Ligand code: AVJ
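Single chain ahead, written as structure tokens, the form predicted on its own.
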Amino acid sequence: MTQDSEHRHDMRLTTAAQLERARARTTVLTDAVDDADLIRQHSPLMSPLVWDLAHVGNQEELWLVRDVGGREPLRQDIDKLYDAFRHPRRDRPALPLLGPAEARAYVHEVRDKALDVLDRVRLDERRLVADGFAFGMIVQHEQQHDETMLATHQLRNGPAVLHAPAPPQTRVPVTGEVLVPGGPFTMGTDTEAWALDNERPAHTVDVAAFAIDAAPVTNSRYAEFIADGGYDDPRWWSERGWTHRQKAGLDAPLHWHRDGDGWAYTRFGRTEPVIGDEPVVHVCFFEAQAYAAWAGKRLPTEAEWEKAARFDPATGRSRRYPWGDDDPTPRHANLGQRHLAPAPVGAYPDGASPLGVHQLIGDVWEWVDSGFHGYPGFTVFPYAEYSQVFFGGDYRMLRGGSFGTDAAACRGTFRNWDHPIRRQIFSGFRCARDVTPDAL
């Protein structure tokens, strides 16, 4: 076997393993509940779990079986049912969806054909399949829907059905801020094989010096904001944020409840006291923005966040991850639904950036104060509906992934976005601030 053919063989094995790992997670999330729960809509913000299940199969059929493989359609009649742009989530329960057994049989048949395509297709014949991109796109798509289904589980009522060990405990104390030096750095990527179009191309951004929190804002710090009347004082809120806070009746993060003099939260069917040193989760952009103002700071921009996460001052280059170029391991970050909660601050010292910023990857998605746009030189690939149609909308960016994000769909360049009122997602934040010349 030549070196080139050995590389292609290894790529096929790795890609097949990633596909199967994503499917194993989908199976856990859908087999954990009965059929009644699968077809039920647990929140108008979310699809029934059975819709997500068949949707991941339909996307796999569209891209891998029909496009890459050139095979005949399996179920062309259901394409419109599982078109996310055609049907808002709140309307999906009324559709004639595949039932649980039919959906499971469908995704199984699609996967068999997709793996056969992977065995036969040349992975260098066109851009869509170069380095296994189309297969990687489907891996990431399924893992993203797995995180969405995990969020649906968080919104369902009833006893706990998902189980995982507790995250690791704090290993090092992490407090205060880190100074990020001003100057240019490389944002985005040209080299990450499975990077999506909105992460491309790599380009130079000049960022002024700033300070950023060494760790995400914790529950205990956020509770201080609540105790100080933060939700009742319009000084800390933007005009839009204050209007939303009043309309939605916000007074604490989603899933928090008063527990005597403290707080408890319900997470995946279990109610327990809020853990003070965990990153706060289930807050919207407006809540994060108000806390930052109360703390005398602000939210970082997207470029600031990425510079803090990737810039190596010793070499001037941008790393794939804060810790370097190696793929994440359980030493580095809380990813992949390995745990069902954020880890306390200081639990992953091996995942810190060269500047000493911790837990930028995993635990909680971090709101940043930037809208969604394409980078200079952006080109659509392979379809406009993944990124371009969202550019310029009412979105704020989220970076870094959460405990529910798989490593296949999380890297230092990965970009997520959502409406600023959303908080059913696993979202938290850290603060930043400008620095004065004398601080430098």
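The first residue of the sequence shown is number 1, and the count goes up from there. Since the structure is predicted, the reported quantities are computational estimates derived from the model, not experimental observations.
A second form of this protein, the form predicted in complex with the named molecule, is not displayed here; the remarks below concern that form.
- Placing the named molecule onto this chain after superposition of the site C-alphas, with its pose taken in the predicted bound form, gives no ligand atom within 2.4 angstroms of any backbone or C-beta atom; the site is classed as open.
- Contact annotation for H55: at least one heavy atom lies within 4.5 Å of the named molecule in the predicted bound form.
- Within this chain, R240 is remote from the site of the named molecule in the predicted bound form, having no heavy atom within 4.5 Å.
- Heavy atoms of N416 reach within 4.5 Å of the named molecule in the predicted bound form, making it an interface residue.
- Using a 4.5 angstroms threshold between heavy atoms, H141 counts as touching the named molecule in the predicted bound form.
- Site residues H145, T148 and Y386 are all in contact with the named molecule in the predicted bound form, judged by any heavy atom within 4.5 Å.
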